[in-house]
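The chain that follows stands alone, in the form predicted on its own, written as structure tokens.
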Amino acid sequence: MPYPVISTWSATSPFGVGRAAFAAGTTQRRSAIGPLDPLEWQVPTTHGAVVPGYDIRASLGRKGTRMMNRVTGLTITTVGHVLEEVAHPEDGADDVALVLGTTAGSLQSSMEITHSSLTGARPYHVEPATIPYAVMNGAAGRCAIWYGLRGPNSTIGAGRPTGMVGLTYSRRLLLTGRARQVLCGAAEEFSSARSLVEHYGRLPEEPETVLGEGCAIFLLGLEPAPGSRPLASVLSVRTRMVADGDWGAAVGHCVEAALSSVDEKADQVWAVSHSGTADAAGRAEHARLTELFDAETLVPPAADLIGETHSVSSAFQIASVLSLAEQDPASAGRIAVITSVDPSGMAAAALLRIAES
């Protein structure tokens, strides 16, 4: 059975716009967390990790962006950078799919519509142009229209492992002939609404979370895109629901199942990327991985540098691994393990084989 290959990728992140900015921030271990401008962000926290200077209209132009929300802008910007590298036709393509992960689309847009409906003279006195952006698949749908992506269009929500679940979904689209190429990734915006939900939704004993944002997109196909070379193959993705609270065992089962499915051994692993979350699930994940792999294979978590990015966190982990692989010749032909856990009950592990140079 053929494995999907990643031909190229890009990211819009707290390090800046583009793949080069993300790779530089990751390999240099530069923190992008900093104080927030109180005039721009009316939030209950003082620090965050936002895309520096990001402005939708400056990035995408004035046409069609008047009511566009931040998560849609981040998605269109990132997908555009990927398509620039593969000569995407101006009139679009029927066989290119988009699989985008998100937590809930845009909480900010949803709350603004609810507020307008409750405070207006009539419940239906809301700005109609904002409604398409308030639904969960608003960003994926608008992005497909923007670039003429007429293949399958899907939105996936699976907590922090969303990026890996998207890889599985994309693989099925490719193997069943539903698409020739798939743009797969996830996006999350920083907003007042998301910050309020996170701040007031945590338990008193839990530490304050520093939120981050961004978007990471990978171009997958059964063959490398024309003019490009494969960066990595997606060998396996395994997920597991955690009903008994034993996060360490669930992560271990996912990793062992993924390795056994492709007949790889733990000592053949080049790098291991974990979610790096500070909650009980994240601590158990890290503890189990230290039992399975040598300590030097564990990659420092991206979350330490760009904050809690929720649904895009595992996509950023994959981008981090690919960035590190470009700087390390020893990675060629070897395996990278990416794991993630989410308090909602999901654990996941993915295996990538880094391509030969």
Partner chain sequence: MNSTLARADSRPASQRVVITGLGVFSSIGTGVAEFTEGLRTGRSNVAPITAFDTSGFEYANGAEVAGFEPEKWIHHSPVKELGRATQFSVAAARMAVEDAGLADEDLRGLRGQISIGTTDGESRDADTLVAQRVAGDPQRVDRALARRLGVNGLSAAVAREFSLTDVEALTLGTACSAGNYSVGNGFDAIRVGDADFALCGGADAICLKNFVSFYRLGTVAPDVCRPFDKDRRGLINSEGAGVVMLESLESALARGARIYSEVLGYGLSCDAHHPAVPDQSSVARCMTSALENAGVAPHEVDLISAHGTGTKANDTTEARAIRDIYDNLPPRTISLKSMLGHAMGAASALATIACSLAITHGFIPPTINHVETDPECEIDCVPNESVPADLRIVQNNGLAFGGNNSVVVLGRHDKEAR
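All of these numbers come straight from a predicted model, not from anything done at the bench. Numbering follows the first chain given and starts at 1.
If you look for the form predicted together with its partner chain, you will not find it shown, but the lines that follow are about it.
- Its partner chain in the predicted complex is not approached by Gly73, whose heavy atoms all lie more than 4.5 angstroms from it.
- Proximity of Met346 to its partner chain in the predicted complex falls within the 4.5 Å heavy atom cutoff.
- Contact check for Pro123: a heavy atom falls within 4.5 Å of its partner chain in the predicted complex.
- By the criterion of a heavy atom within 4.5 Å, Ala87 is excluded from the residues contacting its partner chain in the predicted complex.
- Of the candidate stretches 227-235, 266-274, 280-288, 167-175, only 167-175 has residues whose heavy atoms lie within 4.5 Å of its partner chain in the predicted complex.
- For the candidate set Leu83, Leu259, Val210, Ala104, a heavy atom within 4.5 Å of its partner chain in the predicted complex is found for exactly one residue, namely Ala104.
- Shown here without its partner chain, the chain has Thr176, Arg178, Leu196, Val197, Tyr200, Gly201, Arg202, Leu203, Pro204, Glu206 in 176-214 lying with a heavy atom within 4.5 Å of that partner in the predicted complex.
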